[in-house]
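The chain that follows stands alone, in the form predicted alone, written as structure tokens.
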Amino acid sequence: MMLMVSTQDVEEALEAVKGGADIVDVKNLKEILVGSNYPPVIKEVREQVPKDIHVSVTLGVAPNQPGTVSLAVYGAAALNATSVKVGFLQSDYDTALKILKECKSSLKGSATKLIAATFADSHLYGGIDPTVIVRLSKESGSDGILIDTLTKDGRNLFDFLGEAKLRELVEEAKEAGMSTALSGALKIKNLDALTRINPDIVGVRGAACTNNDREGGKVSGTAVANLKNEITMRLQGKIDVYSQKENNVAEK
């Protein structure tokens, strides 16, 4: 499992790299819930972060406008982003499918990967059922999936989708040859379940910040290194992730 850390500027990006992050995700917390950052910021991050570290771009919650979104995706590719994530706040399946298809078309000839994003708590916002994300990604030709959350009230991914369902979606996506990422206010205590699910990527923000504060804090290299170490110990079997399986999140 690779560690993806959400950052807002080049200073945070370099802290994430210092701590051992595999992927630096560039977003803007001041715009909606998971907004897009400005091109000069993305450009600076890509220029200063080592080339072997992935730099992903979050488009956050995309409008139901295929032309606008595909143009933004094209811009992410022009900035040499490794991947660009497109999610939907209020949309229907057919509209999201059309948008993702246009986004994929706009990336033709580019190395930038298209990630279809969904939110485990999308029912609270009139969004698409998150359990259809693999089908949506397959039909649109997307390169991977991300399951995240929009709610920032103390609840996290596992409060909306249980371990069994998440594992099912991750395995289905992997069988289709897509990358898989899970995010959504994840903490160290969730790493046992995440290791059992085994997504390709685990995404964090708050857990990588000072005082675990995703908005008021800043990404800390020390916090990132601690997370990276906790993941490594589980992957190496130094921490048994099956010894204390939490029934309350395992079979929802």
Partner chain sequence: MTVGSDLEIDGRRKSCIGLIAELEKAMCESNISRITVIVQDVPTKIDIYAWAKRKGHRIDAETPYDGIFKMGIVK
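Positions refer to the first chain, counted from 1. If you're wondering where the values come from, they're calculated on a predicted model, not measured in any experiment.
From this point on, the text means the form predicted in complex with its partner chain, which you will not see here.
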property: Contact segment among 133-141, 146-154, 119-127, 170-178, judged by heavy atoms lying within 4.5 Å of its partner chain in the model of the complex; result: 170-178
property: Contact check for Val17, Thr210 and Asn226 against its partner chain in the model of the complex, heavy atom at 4.5 Å; result: no
property: Interface residue in the model of the complex among Asn37, Ser220, Ser70, Thr195, criterion: non-hydrogen atom within 4.5 angstroms of its partner chain; result: Thr195
property: One residue of Ile201, Val61, Val41, Leu186 in contact with its partner chain, assessed in the model of the complex (non-hydrogen atom, 4.5 angstroms); result: Ile201
property: Neighbours of its partner chain in the model of the complex among 2-16 [non-hydrogen atom within 4.5 angstroms]; result: Met2
